[in-house]
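Before any questions on binding or motion, here is one chain by itself as C-alpha cells, the form predicted on its own.
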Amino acid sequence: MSDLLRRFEEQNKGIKVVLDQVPFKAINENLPVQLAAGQGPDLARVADLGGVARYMLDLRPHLKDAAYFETNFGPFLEWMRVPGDTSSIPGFMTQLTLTGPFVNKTLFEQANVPMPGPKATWEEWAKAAKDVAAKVQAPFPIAIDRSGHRFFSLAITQGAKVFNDKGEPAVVDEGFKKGAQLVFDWHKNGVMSKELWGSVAGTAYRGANDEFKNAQVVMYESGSWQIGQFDKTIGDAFDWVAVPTPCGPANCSGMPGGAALVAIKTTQHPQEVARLMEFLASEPIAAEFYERSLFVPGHLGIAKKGLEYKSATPQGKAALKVFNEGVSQLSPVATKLQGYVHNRVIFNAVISRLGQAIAGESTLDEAYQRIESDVQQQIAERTRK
C-alpha cells in the first residue's frame, strides 16, 4: 500500500497521505469509539462494515464516475450501507474473503491416512484429522478460529438460517444447534483443543495461524486472508493445501467477508479523499494490489478477467483457486448474514456464550438462551434513539 500511496502523491502534488497501520483488534474495538466521538481518520480500511456504516461518507457527489463503482463493486456496496440506504458509495472492497480450511498434507502422508474428498462432511474430516493427529502426535487435529464469523462457516452447512421469515434475527435454530453441538463435542473428545478457545474469554478472537505454521495443526478452519502469510512463512517446511469447505446436511458454504476502504463523514477533505479512492479503486491499481497481496479480488471486472498471482508459489496459486471456486458455493444465508448491519452483535454473542459452554461455565441450553437474550438486548441498545 505504501508504494501505491507514493505513486498517488507523485500524480497529485497537492495531496499528502499519512498511512497509519494499526492492529486488527484496534480497528474493530478502538475505531468505532473514535468515530462515535466525532474523531478518527479521513478514511479507514475496515472489516466490520455494518458496525461503522453510520459513520461512512457517501462519496457519490465527489466521484468523477460513480457508475464505475456501481458496476465493479455493486453487490458489496450494500454491506457498507445503513438500513434504508440504497444508493450511497462509501468506498470499495480492498479484499473479498472466504472462510475455508487449510490442511497439512505432509501430516496426512506421514500418517498414511487418505485425505477426504471435496464433498466430504465435517464429521468425515474430524475423524480423519483425529486419526492423523494420533499417529503423528500432532496436538491439534482441527483448529477453528475463535470467531463468531468462523463458527457460522460450520453452522450454515448444518442448516442454520439465522433470520426468520420477517428478516429479523432468529439465531438459535436446529441448524445452529447442530453446529454448536459439533464444536462442543469436538472439545470433549479431543478433535479440538481447549488450549486455543480456552486461552481467551468473552468476545476475544483467537486464531491458530501460528500453530498451523509450526505444523501442530492437521486441519485449520480460517480463510483466504491467510494464504499470503502461509505462502511466505511456511516455505518448504511442509506441504499445505486449501480444501473446499466441508459439507453438512444443508450445503457446503463458507462465510464471505473482507475489508473495505471507506471514507469517514468527519473528514475535512472529501474531494481529496475521493481522488485517492478513485486512484486506488481504478482497475490497474486495484489489480496490482490484489495480485501483490494475494487477495481474492472484490472488483467484479478483475475477478472476471482473473489474476495471475505471479508472486505466489504453486501452493499459493492452488489455494487461491480453491477459494475463488468456493465463492460459487456460498449460501444466501451466508451472504445475508455478512451484509446484516448488526452481524457483529450476533458474532460476539455466539462466540462469547458458546465459549462459556465449552469452558464448562454453562450448559449448551443456557448458552442458547443467553445468545438470544444478548442479541435482542444489544440490537435494542444500538437502535435506541
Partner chain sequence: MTLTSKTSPATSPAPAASLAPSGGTNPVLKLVTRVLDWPMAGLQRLIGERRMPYVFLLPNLVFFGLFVFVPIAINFVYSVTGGPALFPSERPYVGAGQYSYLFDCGSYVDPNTCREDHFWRGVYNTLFFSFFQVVAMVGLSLLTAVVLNMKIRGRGFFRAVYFFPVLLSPVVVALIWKWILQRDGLLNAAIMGLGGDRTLFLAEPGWAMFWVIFVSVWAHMGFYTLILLAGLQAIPTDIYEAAEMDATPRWRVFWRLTLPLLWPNLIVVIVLSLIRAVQTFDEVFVLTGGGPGTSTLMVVQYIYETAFSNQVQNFGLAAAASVVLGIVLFALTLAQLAFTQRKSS
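From a predicted model like this one, the values you see are computed outputs, not experimental measurements. Numbering follows the first chain given and starts at 1.
Quick note: we don't show the form predicted together with its partner chain, though the next part is all about it.
Partner proximity in the model of the complex, defined as non-hydrogen atoms within 4.5 angstroms of its partner chain, places exactly one of 312-320, 57-65, 348-356, 326-334 at the interface: 348-356. Three-residue candidate spot T121, S222 and A237; no residue lies within 4.5 angstroms of its partner chain in the model of the complex by any non-hydrogen atom. When its partner chain is considered in the model of the complex, R384 lines it closely, a heavy atom lying within 4.5 Å. Its partner chain is not drawn, but in the model of the complex it has no heavy atom within 4.5 Å of V82. Using a 4.5 angstroms limit between non-hydrogen atoms, K194 touches its partner chain in the model of the complex. Interface residue remark: E361 is counted as part of the site for its partner chain in the model of the complex, having a heavy atom within 4.5 Å. Between the options N112, N189, S199, T86, the residue in contact with its partner chain in the model of the complex by a heavy atom within 4.5 angstroms is S199. Residues of 134-154 lying near its partner chain in the model of the complex, listed in sequence order, are P139, F140, the criterion being any heavy atom within 4.5 Å.
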